[in-house]
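In structure tokens, the next block holds one chain alone, the form predicted on its own.
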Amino acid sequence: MFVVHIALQGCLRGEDVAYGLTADTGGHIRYLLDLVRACDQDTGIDRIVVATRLFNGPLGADYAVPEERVSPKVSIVRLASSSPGYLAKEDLHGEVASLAQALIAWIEGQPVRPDVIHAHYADAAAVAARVEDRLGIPFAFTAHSLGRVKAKALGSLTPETPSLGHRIAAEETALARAALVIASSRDEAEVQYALYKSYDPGLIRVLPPGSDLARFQAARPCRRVDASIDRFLREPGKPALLALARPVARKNLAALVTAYGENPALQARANLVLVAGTRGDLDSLDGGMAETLRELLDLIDRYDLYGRVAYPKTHRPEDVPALYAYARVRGGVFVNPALNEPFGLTLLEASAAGLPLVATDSGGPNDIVETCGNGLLVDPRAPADIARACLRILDEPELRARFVAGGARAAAAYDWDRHAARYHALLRTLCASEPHPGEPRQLLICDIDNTLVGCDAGLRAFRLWRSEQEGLAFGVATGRSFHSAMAILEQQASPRPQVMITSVGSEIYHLDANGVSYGADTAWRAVVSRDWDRAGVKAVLSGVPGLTPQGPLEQRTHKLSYFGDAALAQTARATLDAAGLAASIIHSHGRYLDVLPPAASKGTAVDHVRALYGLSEGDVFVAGDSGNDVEMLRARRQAIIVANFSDDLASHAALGHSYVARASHARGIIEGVAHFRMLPAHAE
């Protein structure tokens, strides 16, 4: 497979990238180069080309070299556009036509055309769309950051409105045209992209970036780095609050300085260390960086923080592990106060180096902290909350130790090889012309967690069994969101479902003809929308003592999710009845409580799919393991309970007709289907 990446922003080269040299030379370049290095290891990849923009000028001669060889399979190709000099991302929209023409000419000159193009940022997607129009090559899209999110985070952007308008329009086109969208986090997939008219959740996959964290796990102090910080500080031995980010408004470093400056207790406990890119004179900086740095210096002066705040002018890429080590040996905290952080690679690095985190609750840090349990999330617009979180970690040794231990899980959770394997599987499916499976004669729907997945050997057996089941449509029904479900299925290399019933039956998605993307079932959405007063239900349940909402990502348009025991579930039911509000309540695993529209459940969703496929009741199998599968199992005659069930499922009064398998997990599904197939046919 031959893959071309398009990345036009910033100063990109194969080695020694000068991060922070310009406002656009940031994390997306690191992401891209790490991705390419991981992909280079796949023997099924024949060639990788990174197409970027050629420019001349004082930033360096490297960026005017037409081709740079990175490895035997990887090269960087620089394309000339209508403007010869460096351009910030706000000005690149004027280069789209000339860059597209240059890329088309380059592709036409190659002995073999690329199989797929991957566009990074919206301007690259605009180029990729023109290439697809001319040459028919499909493209994937990674936004890295989004214009609508920036506008929402920063508020009024009058000086940037024209360029931001171009960017948002290009992002809308990218979402409408891309064959696949790669997101780094559920927040990006489910919240940020949802701001766009062209939002199609079934087109998006969440593939968390990997990170080579070994050098951060082995981080050691460096005298030179220590000296570059200590020279600012009166008491350099105090704990350090470390921030490492480019000095741009979105990174919100001013809120951190304000949090520190307005909290004398925090000043007494710790120093503040701001590593904000590499700079010469302020006037030489572009993209608003000079203005941001002046704001930081003004705040330091306003709060008279001299001797307590360090802000070194330069650091080398190889110094980053030592910066984390500086804060770690002093018992410090890593702080990311960004208004929105699409992913948060520095959070993984800092965690691997042994630092607890205080991070923005907007974006990828939600996923990182949930996965690793390595810090506290805060509202980035509330400096007092940032200060309180820092003090809490500094003052509670047991909490700090727990967060440090959680950080050790980051390396396993965020691995580039795993990312590349999932990524290539998607690209290969996208490029393949698979035959249509034909009309299904039977349908199997099963739960995911602890039913389909949970036993590696069982899932391997299921993959083989599934490949032999001609005419059997396969789907899943889960409490997870679509993106969460797809992530776990792809991580476990599950067979790709033809239908996805997600969010406890409140959403249904069907696999598209390309074998990769999914389309939302709009007819089902209309069904579950009837008699559903989400705002009213939420307001009434807010008054139930002890009923605690789950995280923001678990709240859906047609689902509200809480933590609560069985007694609270009964109280919630009674409260809604008293208010005259129609809703269904699903309680599972002793602590999860989902509130759904009255028409929504796994059971009703399965029946909708059965009718859509034109199948009889005797053609449908369902399998589950817990309380949130009861509705599905109760409604189907051929119901399978796997041996590792919970919530006393096998003794449930309404499930006496179910087959309780002797085998657990996916093997139990196979056993259950075989059991029902051997029975004499029932009269309908």
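Here the structure is a predicted model, which means the values were calculated and not measured. A residue's number is simply how far along the shown sequence it sits, counting from 1.
The same protein also has a form predicted in complex with a small molecule, omitted here; what follows describes it.
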{"item": "Partner contact for Ile670 in the predicted bound form: the small molecule, 4.5 angstroms, heavy atom", "value": "no"}
{"item": "Ser145: touches the small molecule in the predicted bound form, heavy atom cutoff 4.5 angstroms", "value": "yes"}
{"item": "Ala661 within 4.5 Å of the small molecule in the predicted bound form, heavy atoms", "value": "no"}
{"item": "Tyr518 within 4.5 Å of the small molecule in the predicted bound form, heavy atoms", "value": "no"}
{"item": "Per-stretch contact check against the small molecule in the predicted bound form, the hit in 173-181, 111-119, 509-517, 137-145 (non-hydrogen atom, 4.5 angstroms)", "value": "137-145"}
{"item": "In the predicted bound form, the residue from Lys150, Arg78, Arg534, His424 that sits within 4.5 Å of the small molecule by heavy atoms", "value": "Lys150"}
{"item": "Of His558, His93, Arg466, Arg250, the one that lies within 4.5 Å of the small molecule in the predicted bound form (heavy atoms)", "value": "Arg250"}
